[in-house]
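Okay, here we've got a single chain as structure tokens, the form predicted on its own, with questions on binding and movement later.
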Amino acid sequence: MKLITFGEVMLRLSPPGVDRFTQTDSLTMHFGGTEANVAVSLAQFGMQAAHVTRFPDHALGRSAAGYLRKYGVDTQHIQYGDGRLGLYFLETGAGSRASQIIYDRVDSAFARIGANSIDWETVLSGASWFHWTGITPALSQGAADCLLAGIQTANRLGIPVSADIVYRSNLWQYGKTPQEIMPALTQGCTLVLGSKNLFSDLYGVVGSTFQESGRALMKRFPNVRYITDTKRRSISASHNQLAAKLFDGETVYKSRTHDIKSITDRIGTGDAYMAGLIYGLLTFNDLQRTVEFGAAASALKHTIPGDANLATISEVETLANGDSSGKLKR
């Protein structure tokens, strides 16, 4: 199966370990981006995953593409051009001290992508799935228009489309609001990750429960077959509890709660969940097993440094089946 993701990849710079920015004179590099993280995770599950983006035409852009290839992601549709590579700086928290992120991504090469930059008919030919997030249309009108063309092409070709409709208000700086842009994009989706509060803010869809707001969203966007969300309890920066739920319009399937007591890296855990869910929907004929697999994939990502989940199928299934012992494998 061939899966396509579309979005920006950035360079992450972090102090070593749990050092503060004020303590360090060196920064560790990782590449990552929410949609690309999904592609990397699916490639680790043995699927054919391709990421579509636009990089600056210099060494950092080529290095970012090399990172994706290293983890099995197809990069043949990546474009190169003017602009810069987006950056973000992460200070990892510990105990009662929260992590913090500083973004530096204005006028990136990806933000300069045009509405007609991608030949979506070619990119999506033979694809089994297309994935995007609310980060992409927030970056520029060109990125939003290019994404819409991709979704419409996927719809014409009968390819399922998933979206994590994450909303970050500080990214919407080009004169449009998410309420103006997001509905047309969501119209073409099969699977939507979001909360009832987010559905209300973005689409004016109101419900007192996850089920009620889910049904209302499905009524407004008839293509949507599945709605999902995760629930996180942050006991400290190092200790979280995580569970997930998946709604098919009739039944809510809930995962077990994962008690994650020693977090190595919190970044990309939602992407790991979405990748696990996509894998389950394409592989299992069992929605309960699918949501358990997604939640376990997310829980495991908390133990892996960097943006992307590098867990294997067997590791995810072991945790999904209730074995959280971490027993040495020989």
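Note that residue numbering begins at 1 and tracks the sequence as displayed. Because the structure is predicted, anything quoted here is derived from the model rather than measured.
This next part talks about the form predicted together with another copy of the chain, which is not shown.
Mapping the unseen interface onto this chain, residue 156 falls outside it, with no heavy atom inside 4.5 Å of another copy of the chain in the model of the complex. A residue is said to contact a partner when one of its heavy atoms sits within 4.5 Å of a partner heavy atom; residue 84 meets this definition for another copy of the chain in the model of the complex. Among residues of the shown chain, residue 285 is not one whose heavy atoms approach another copy of the chain to within 4.5 Å in the model of the complex. Although the partner is absent here, residue 219 lies well away from another copy of the chain in the model of the complex, with no heavy atom inside 4.5 Å. Looking at 210-218, 244-252, 101-109, 140-148, the stretch with residues near another copy of the chain in the model of the complex, meaning non-hydrogen atoms within 4.5 angstroms, turns out to be 101-109. Proximity to another copy of the chain in the model of the complex holds for none of 45, 115 and 225, with the criterion being a heavy atom within 4.5 Å. The partner is absent here, but in the model of the complex a heavy atom of 95, alone among 126, 175, 204, 95, sits within 4.5 Å of another copy of the chain. Taking another copy of the chain as positioned in the model of the complex, the residues of 259-277 that bring a heavy atom within 4.5 Å of it are, in sequence order, 262, 264, 267.
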